[in-house]
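First come two forms of one protein chain, each written alone as structure tokens, so that there is a structure 1 and a structure 2.
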Structure 1
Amino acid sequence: MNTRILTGITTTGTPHLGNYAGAIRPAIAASHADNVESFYFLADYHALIKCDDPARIQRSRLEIAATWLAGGLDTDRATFYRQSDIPEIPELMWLLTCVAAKGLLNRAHAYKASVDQNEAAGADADAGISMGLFSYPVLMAADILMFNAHKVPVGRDQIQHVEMARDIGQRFNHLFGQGRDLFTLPEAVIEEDVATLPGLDGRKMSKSYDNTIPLFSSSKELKSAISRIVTDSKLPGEAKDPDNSHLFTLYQAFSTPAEQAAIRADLQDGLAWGEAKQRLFTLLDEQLSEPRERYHALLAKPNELEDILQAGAAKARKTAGPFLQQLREAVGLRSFAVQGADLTSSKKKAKKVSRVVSFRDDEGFRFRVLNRKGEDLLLSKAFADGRAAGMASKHVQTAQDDLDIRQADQQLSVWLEDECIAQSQQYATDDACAEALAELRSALASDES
């Protein structure tokens, strides 16, 4: 089975080194694999949350589209489109909004940061916060779930949004899937060394901080930006610490291991910061010169870019259109041509089954095993991340006779690799506990669980 990879870039500014190293470059590289389906998009609906300057958004859409193509994206292999050209996405967002818990959205980093900032200033907690900002994670979930992406390359600060997409998708599956998974639950993918590049001042490279190094600026502008990178006050000849140097982090993202080892040794031997900046400039200027030329050639032909994106949208909608119709039917938005007898028949066939339900609370990621009455048979421990909880849940559902279930003190517990991963309630008697054990094994052995 092919792996689907999806990622997007918000169109609010000129592409910078952080966009390229953290998202665009690894995504383009991944798209070349034979067993991969790639979906890459311009997140222009997301841009409306942050920017109310139409000219800036339009210019950014053009620049980011040209960046992907100049970087080597093959649109015959990948599906490349603008978010706003896929009307199925905002419709799916509404379906997901109707199942997304407000408490989940309350915990989104961007919303919490805005609330904290307002409260620190003595203002109303929600002053200046739009529903766009609050609902941002649901739109991102729609972007991901629309195409049932398996992997989503993101910066470390976006991991939470992928986890929220999992939570929302899982809730939708539980409510409307009728025993099948309508949505694939995505996994965040980070290129550890370059996931979040520092900007000129050491903070995350971001348009919000105005500390970026534009990706395809001229050689002169590139050199000027690099000269402004903040370093410590150590003089030439004094040893520098590469691991605490923003400049070295940037160099790492674009160099070979041998080049990294060489500049690390030179910094430790007292290389001057000015010389180190010159080396970074030379490295970047050589790597970016050819794509820079392609980029400016594409900017000069906006009609050709438009044709490429329209073709990408048509390709994307061949997947999105039929899938959205399936989702509409799942939630009950069906044609009246469906005979009432069929609806009555489906109601008669519906029955309660034992099942495993995943969720997230204040302590972490959990799952519970429910019997046919909806009563708890097992409740897992709190896991630090969703993937670990998912693996434990899968083990409980698939281990069958090999599942390590222990009974002690009128309580059941499930163990994996010498660790207790789930427990039952405390039963009043040994007989009640034994009955619960039989019910649990029956539930986990059932094909309907």
Structure 2
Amino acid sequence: MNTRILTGITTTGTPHLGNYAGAIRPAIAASHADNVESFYFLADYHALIKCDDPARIQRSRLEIAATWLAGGLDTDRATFYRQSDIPEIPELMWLLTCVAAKGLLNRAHAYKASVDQNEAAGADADAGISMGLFSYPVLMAADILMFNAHKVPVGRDQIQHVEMARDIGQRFNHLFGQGRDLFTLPEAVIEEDVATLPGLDGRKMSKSYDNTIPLFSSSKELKSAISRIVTDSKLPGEAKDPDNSHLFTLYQAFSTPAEQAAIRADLQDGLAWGEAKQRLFTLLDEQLSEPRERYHALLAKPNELEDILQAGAAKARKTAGPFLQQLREAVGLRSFAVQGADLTSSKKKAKKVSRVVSFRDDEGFRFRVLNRKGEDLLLSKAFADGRAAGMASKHVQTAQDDLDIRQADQQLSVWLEDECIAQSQQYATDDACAEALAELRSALASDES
């Protein structure tokens, strides 16, 4: 079976070199592997939680989409879409919201951090906290569970969210799966060998530290950023320690082992920092120039980008639509028109939901059919001998659609060769009787014992 990999990118900023090396490039590479189905999407609903600037949201969506495509994502292989183009996701989020424990969400790091901040400031615990922030993990669970992802590559700060998706999915399976798993339980994947890229000052490259190197801006801007990389004050000719230089770490992330060995030796031999920066610039500029061109070409044709993402959404919805339908049915949101038939077919593979009990009373040998809750659905007539009762009971359990069930005077009766062999109680209304019929059909259909 294929492994399904899924990850989302919150659309609040412009991707920088660190995002590219740490997330985008490995994800694109992973999508080329055999036996892998990848789902990559713009988490633009998540972006709304953190950002109320529509222009910025829109710009970021466009830039991130173009970055992934320019980086070589093959949209024939991967499914690439915007979260907000998949209405099934927020609908699933509601189904999950109804089973997610509030106590679980209270423990989410992002929410807790905000509460702690408020408390430290002497403010109300929930001051300034939206329901969006609180429910963030449930939306993320919907993203993941919608496509039954096995593996979810994320940063360390997101591990807890993937674990919550597991918890919520497991609870849903337990409540509504009738013994089978509706959702695959996902696993967070942290790429250990993809080093987090350091920024200009050596701390993790991040917009919040203002230490990023731009990805697809001009060569000139790339050069200027690289010139601002902080190094120690060793002079040209003095031996440098590559392993204590984040310039070297940056170089490593984009070079072959042979290139790495070469610059390592040169640094130890006293290569000037200025020279080393020039070499890093040449390396990056060469590697980025082609995708940079593709990036700007894509941004110049937003209509084409729109078409690509619409096609991605259509592809994603082909999976999401039918699956959501199944989930709706599992929780009891079913069409009235086909209720009986639907119950029968959707529960075929389910665990046994009825129980047949044989017993003997003063009048002879009988059996009852009970529903899951132990309530009577049918009581047989009294048979003269146990064998006849057994055969009738077996017929009731195996005849499936051929079972002759009749409905009259708010009562169900089961017939075999012109003889009524079992009856239900008399129900108060026709509707109640029809419901009992659907339940009986479904109970018997799933009974494969």
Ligand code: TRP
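Model, not experiment: these values are computed from the prediction. Here, residue number means position along structure 1's sequence, counting from 1. Under this definition, the rigid core comprises the largest set of C-alpha atoms superposing within 1.5 Å between the forms.
Between the two isolated copies of the chain, the form predicted together with tryptophan (TRP) corresponds to structure 2. When two forms of a protein are overlaid on their rigid core, residues whose CA moves 2 Å or more are considered shifted, and residue 101 is not one of them between structures 1 and 2.
Here residue 60 does not count as shifted, since its C-alpha moves by less than 2 Å between structures 1 and 2 after the core is aligned. For residue 220, a C-alpha deviation of 2 angstroms or more is recorded between structures 1 and 2 after rigid-core alignment. Its Cα shifted by 30.9 Å, residue 439 is compared between structures 1 and 2 on a rigid core fit.
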